[in-house]
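One chain comes next, on its own, written out as structure tokens in the form predicted on its own.
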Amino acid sequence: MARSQPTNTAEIVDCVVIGTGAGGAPLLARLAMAGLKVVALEAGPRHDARRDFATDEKAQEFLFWNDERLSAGRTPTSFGNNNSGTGVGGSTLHYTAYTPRPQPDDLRLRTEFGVGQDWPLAFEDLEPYYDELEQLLGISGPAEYPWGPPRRRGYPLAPLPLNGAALLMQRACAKLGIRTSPAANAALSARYYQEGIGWREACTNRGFCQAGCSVGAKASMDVTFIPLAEAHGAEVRAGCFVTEIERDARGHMTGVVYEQDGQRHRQRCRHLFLCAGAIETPRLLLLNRLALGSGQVGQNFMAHPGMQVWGTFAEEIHPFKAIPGALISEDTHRPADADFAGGYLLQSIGVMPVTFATQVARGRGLWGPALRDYLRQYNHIAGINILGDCLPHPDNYLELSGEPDSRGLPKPRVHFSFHENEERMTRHAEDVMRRIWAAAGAEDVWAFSRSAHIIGTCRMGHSAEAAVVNSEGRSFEVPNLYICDNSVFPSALSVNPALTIMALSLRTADAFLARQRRRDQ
């Protein structure tokens, strides 16, 4: 189908940022605060949290990236509400705000185990940004955290209340000699003043964090970095789906073409920051035949092993209440009896009713009257899950399929299978979690194998032969193209990725600004 010519915008801006989630929003603010003319293009709409975010899972499905993505492999990844979002704020609109730091050895997997990949930077390179983010976002966490190196400052707010599952897990782990701690969460346990933004209100413990936070207590990008960026002159355009990246004869990027309300537009720029996530970022590069010389675009797709173990208890749990990830243990980060590389964390989980019903149907094969009978116990159900390292494998990758989407563009197809390392880790974790629930007095314990988060596909590294971008997020092939999102992770890390994506975003912005000040080419 012939497409109309795009309408040109007259102005050439300094930077265009594609995506406004954890990768795009922090650097958008940083660049705007440095005085640059910056435009952000977001595929989804802008929401009004107080008006649009209901305590209703089904009503909130508009927060997820629901365009069809094709899944292949022995353990295909599910998309939609599992791992990607749309709207100004991106996936942070529905993340659970779990924000632990990785451990330093997470970034040295190959050095430690001889498998996977090391990061081209050290924990010390990211640590100042973790500290900055925890203070700016108002992270709620413990005064003393049992794992990892000492912090230069404590968390600015006290931990959020433990939910029912967390209290049970805490007592059972104490019996078993497993250390636990209240988790770090990017949700406010008290009213908090954010410089450049103003006051944000405390969490109401509604528990529907994945349906969007209606009071702004959760530090999603729409209530933190986006307003900060706009206060310093950044322009955020919602409902803009980028389809083309344009270059000149030297191969330098000159602008982008995007669709908005059925019309095509061209925005010219001097620098492009691609922050669309581990599916849409490589898809856009593949569609435009851009930065493909390393052969790494689309490769090394990873997803965290995320097994959940559920149990039924005599007491009432009310699993929909309070922050879902309230309690953590990292005693399994490098377990002494492990027969696998890397490690995992344990966390208590809350769960919304429709989400839980879906998992029961998939995990236990219950349907109809049997499913309804089981769900009558919902208020007595508690869960634990893991997030563990995932190694890159050659047969886990993203490609463009031959099937067009509603815009006429090829749908992405993602191949993903757990391999021996992930399977061994999951068996180890299931045994640990079953022992915890046994110590807590659970009945009818069952496990649900799943993966969480989408990671990799545009690896960062030391050379153009082995990676798409360098340690500062800059493309080896296109000097005015930067990538900053979960696609650049060389390894999956054994923690939730959101805080590290934000840290990389600020670091990428600072490296770019330093280069501009030096007038490097």
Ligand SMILES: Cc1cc2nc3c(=O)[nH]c(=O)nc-3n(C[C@H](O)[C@H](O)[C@H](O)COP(=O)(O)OP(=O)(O)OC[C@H]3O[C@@H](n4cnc5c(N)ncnc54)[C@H](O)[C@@H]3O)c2cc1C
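One-based numbering along the sequence shown. For clarity, every value in this text was computed on a predicted model and none was experimentally measured.
Beyond the structure shown, there is the form predicted in complex with the named molecule, which is absent from this document and is the topic of what follows.
Think of it this way: in the predicted complex, the named molecule has a heavy atom of just one of 385, 210, 426, 77 within 4.5 Å, and the residue is 210.
Just one of 308, 396, 84, 451 comes within 4.5 Å of the named molecule in the predicted complex, counting any heavy atom, and that one is 84. At a distance threshold of 4.5 angstroms between non-hydrogen atoms, residue 94 is in contact with the named molecule in the predicted complex. Contact check for residue 486: a heavy atom falls within 4.5 Å of the named molecule in the predicted complex. Using a 4.5 angstroms threshold between heavy atoms, residue 240 counts as touching the named molecule in the predicted complex.
In the predicted complex, residue 65 approaches the named molecule with a heavy atom inside 4.5 Å.
Only one segment in the set 28-36, 458-466, 473-481, 491-499 has any non-hydrogen atom within 4.5 angstroms of the named molecule in the predicted complex, and it is 491-499.
For the stretch 270-300, the set of residues having any non-hydrogen atom within 4.5 angstroms of the named molecule in the predicted complex comprises 275, 276, 277, 280, 284, in sequence order.
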